[in-house]
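First, one chain by itself: the form predicted alone, in structure tokens.
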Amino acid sequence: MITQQRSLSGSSQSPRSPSAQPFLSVSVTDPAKMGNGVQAYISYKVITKTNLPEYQGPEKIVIRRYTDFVWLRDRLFERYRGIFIPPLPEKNTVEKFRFSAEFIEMRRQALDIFVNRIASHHELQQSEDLRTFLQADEQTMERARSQETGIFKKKPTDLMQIFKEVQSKVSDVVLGKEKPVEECNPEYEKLKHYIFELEDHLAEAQKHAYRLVKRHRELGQSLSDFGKAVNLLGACEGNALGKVFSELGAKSEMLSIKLQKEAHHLLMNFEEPLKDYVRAVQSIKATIAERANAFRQQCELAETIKLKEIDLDRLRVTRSEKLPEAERDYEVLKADGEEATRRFETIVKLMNEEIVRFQEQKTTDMGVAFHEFAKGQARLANGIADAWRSLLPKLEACSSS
């Protein structure tokens, strides 16, 4: 199994050494705004370091944009049914936000996580599409994006209709509204219930994490405003009280900066990971819908085969001249049925493996996120307490004089 490595320093082995541990490390860095107006977009430098023989060399640097990441996600979803494809961050279409420094860094971090999850997945890391994404020049990448397959050959109007139908179908399957053919499996029902419940709880936690970030920022701004006002008040006083007021104002502005920094830390290391897992659960729900669709196709083909067998028996009894053609059609139908069964069984097998992997990764990631949250809050509380505590003797001296 290939392991994801973030750092190559300290290794005494050559990247191409036969005895070196196989690795594939990817970094998404250096976001840069390209173009102007409605045509403007952000490009990213994608750096790949590896010792895998199927790659062109030990290091490759390419330039990618958000639509390239979308292409990779869509290709993997189409080719790897049953595997939970890592989610992408949403596309922000609001002009004043999508080019802000904070949004760009949030997007860069999310894209880095996305591509490294693929690179560390034992199945997805072998994808030819991943190698294209990590190695192809910009012109080749653009051609790959333009070579649309399947539903993506449709006209825009047809595409919108397809997406609406798919969205409606997925919602019906997920919510249990559509029940023509249902998989009766207690473990599967338990899994679906868990996923839907997890999505609700994660979304609720993320909503409150957002409010925490907002409160930190608002309190930071209020302290900054208060600090400026107290500084002006201190300037009016020429005695010890004026000096204490000035120190109080300086402490307030210093704490304002601490709160703003902690708000950013909370956003990047707590709220964003929660939001990422909300997206991950939505990706799992898309795989659940694929499984439901595969099961339905298998059942419908099995029913059609039974009807065909009855028809064949009738033709054999009547010695119909249509029998040879009907037998050929039956063999084709039977092969389709076997393929549908294999496809469904593969999706079930992969989903069982994926949910175990997802649970293990979620435990690790959530542990890190909540540890960062608690550590940041403790650091902030200690900083605030120390700042105010240092002023107490001077304030007490003023109040007792």
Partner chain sequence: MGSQINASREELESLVLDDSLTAKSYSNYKSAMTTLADSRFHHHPLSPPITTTPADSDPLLFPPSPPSPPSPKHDDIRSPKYSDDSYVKPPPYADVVLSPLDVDDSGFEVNGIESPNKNSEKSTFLSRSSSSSSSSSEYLKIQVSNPQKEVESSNSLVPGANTYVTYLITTRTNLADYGGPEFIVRRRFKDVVTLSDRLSESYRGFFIPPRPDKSVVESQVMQKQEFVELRRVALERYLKRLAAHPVIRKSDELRVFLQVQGKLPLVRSTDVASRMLDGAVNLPKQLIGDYSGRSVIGVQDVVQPAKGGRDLLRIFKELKQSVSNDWGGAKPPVEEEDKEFLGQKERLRYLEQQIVNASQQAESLVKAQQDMGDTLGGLGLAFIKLTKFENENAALNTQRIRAADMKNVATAAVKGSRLYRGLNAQTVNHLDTLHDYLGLMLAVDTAFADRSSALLTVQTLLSDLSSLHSKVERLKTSSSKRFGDNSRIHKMEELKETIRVTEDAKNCAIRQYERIKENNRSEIERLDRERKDEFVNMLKGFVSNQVSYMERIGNEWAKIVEDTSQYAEDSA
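Worth saying up front: this structure is predicted, and the values here are computed from it rather than measured. Residue numbers count along the first chain shown, from 1.
We do not show the form predicted together with its partner chain, though everything after this point is about it.
Chemist: State yes or no: in the model of the complex, is some non-hydrogen atom of residue 216 no more than 4.5 angstroms from a non-hydrogen atom of its partner chain?
Modeler: Yes, residue 216 sits close enough to its partner chain in the model of the complex that at least one of its heavy atoms falls within 4.5 Å.
Chemist: Looking in the model of the complex, any heavy atom of residue 370 within 4.5 Å of its partner chain?
Modeler: Yes - in the model of the complex, heavy atoms of residue 370 and its partner chain come within 4.5 Å of each other.
Chemist: With the partner left out here, check for me: in the model of the complex, does some heavy atom of residue 362 sit within 4.5 Å of its partner chain?
Modeler: Output for residue 362 is yes: heavy atoms within 4.5 Å of its partner chain.
Chemist: Is it the case that residue 21, even though its partner is missing from this view, gets within 4.5 Å of its partner chain in the model of the complex, heavy atoms only?
Modeler: Although its partner chain is absent here, residue 21 would stay clear of it in the model of the complex, with no heavy atoms inside 4.5 Å.
Chemist: Go through 222, 282, 132, 304 and name the one with a heavy atom inside 4.5 Å of its partner chain in the model of the complex.
Modeler: In short, 222.
Chemist: Which of 141, 124, 205, 288 has a heavy atom within 4.5 Å of its partner chain in the model of the complex?
Modeler: If I apply the 4.5 Å criterion carefully, the residue I get is 205.
Chemist: Thinking of its partner chain in the model of the complex, which stretch from 244 to 252, 70 to 78, 308 to 316, 325 to 333 has heavy atoms inside 4.5 Å of it?
Modeler: In the other structure, the partner sits against 244 to 252.
Chemist: Between 369 to 387 and its partner chain in the model of the complex, list the residues on our side with a heavy atom within 4.5 Å.
Modeler: Contacts from 369 to 387: 370, 371, 373, 374, 375, 377, 378, 381, 382, 384, 385.
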